[in-house]
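Presented as structure tokens, the chain that follows is alone, the form predicted alone.
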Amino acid sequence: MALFIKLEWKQMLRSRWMQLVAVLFVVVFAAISLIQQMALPTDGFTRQTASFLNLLLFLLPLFTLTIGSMSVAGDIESGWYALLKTYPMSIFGFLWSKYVAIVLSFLLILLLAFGVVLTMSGITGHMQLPVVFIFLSIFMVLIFSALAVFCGVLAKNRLHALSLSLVIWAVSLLLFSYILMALGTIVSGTMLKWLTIVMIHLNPAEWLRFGYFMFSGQTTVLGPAFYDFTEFYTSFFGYFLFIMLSALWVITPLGLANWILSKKGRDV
């Protein structure tokens, strides 16, 4: 399995798509960090901080889902997975290897981007890399890589995988919020509050956004209506529950992907 992970990682790093994404992330992280730390206020949750967070939530899941799912679907479509089945490797071993390769590839991209930011910080002496963004990015890669593997297994081919990943990305980042805003015009404030809490737990993007507010101590931006909710999650048990639920967002897609691929094998 270790050899297969190494092989998959090398193939992903040689991909032109991955190389372009790496360049994009380095440029974007460096530019946004430079603007935020040198030209704009850094204390509190400012509009610029929100823009940086939204940019991170939009780009990283998009590329993780699309590139990761197409990689898995491509192996199944090309017959590479069928060839691997002739070797003593389990279905979960194949999925786990793909997952680890995707995670390592995007963590390397983040490492390059963060390295550029830290280099700029050392040169200028005026910038600091927010630690909360580092942990948020790692959580994001872990969760959306698992969703990418699930999309790749569920898809019939690479184009189908691309479509599924774009649908999941659009639902997570756009549709959920619009639906909630529409419901806010017809339901009571109390009902809207509970719907928002449910959406936070069911939407990985909003879950990670809430994680940023929680770990950065900026939960006040959610308003007084969510005081009890934020107080619970800023407790020791709340932090523990956040980590457990985040792990569930990784385990569940991988488990479903393993079940679907096993079922496909029996059907064949």
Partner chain sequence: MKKKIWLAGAMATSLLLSACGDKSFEARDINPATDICKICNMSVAAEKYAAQVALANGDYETFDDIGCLMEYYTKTDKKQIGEAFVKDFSGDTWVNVETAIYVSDKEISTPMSYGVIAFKTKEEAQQFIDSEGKGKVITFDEVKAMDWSGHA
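Numbering follows the first chain given and starts at 1. Computed from a predicted model, the values in this text were never measured in an experiment.
One more form of this protein, predicted in complex with its partner chain, exists but is not displayed; see below.
Contact with its partner chain in the predicted bound form, judged by any heavy atom within 4.5 Å, is made by just one of 78, 188, 90, 86: 188. Residue heavy atoms within 4.5 Å of its partner chain in the predicted bound form occur in exactly one stretch of 135-143, 91-99, 180-188, 156-164, and that stretch is 180-188. Shown here without its partner, the chain carries 215, 233 and 251, none of which come within 4.5 Å of its partner chain in the predicted bound form through any heavy atom.
The closest non-hydrogen atom of residue 227 lies within 4.5 Å of its partner chain in the predicted bound form. Although the partner is absent here, residue 27 is not a contact residue: none of its heavy atoms lies within 4.5 angstroms of its partner chain in the predicted bound form. When contacts are judged by a 4.5 Å heavy atom cut-off, residue 31 does not count as touching its partner chain in the predicted bound form. In the predicted bound form, its partner chain sits within 4.5 Å of a heavy atom of residue 202.
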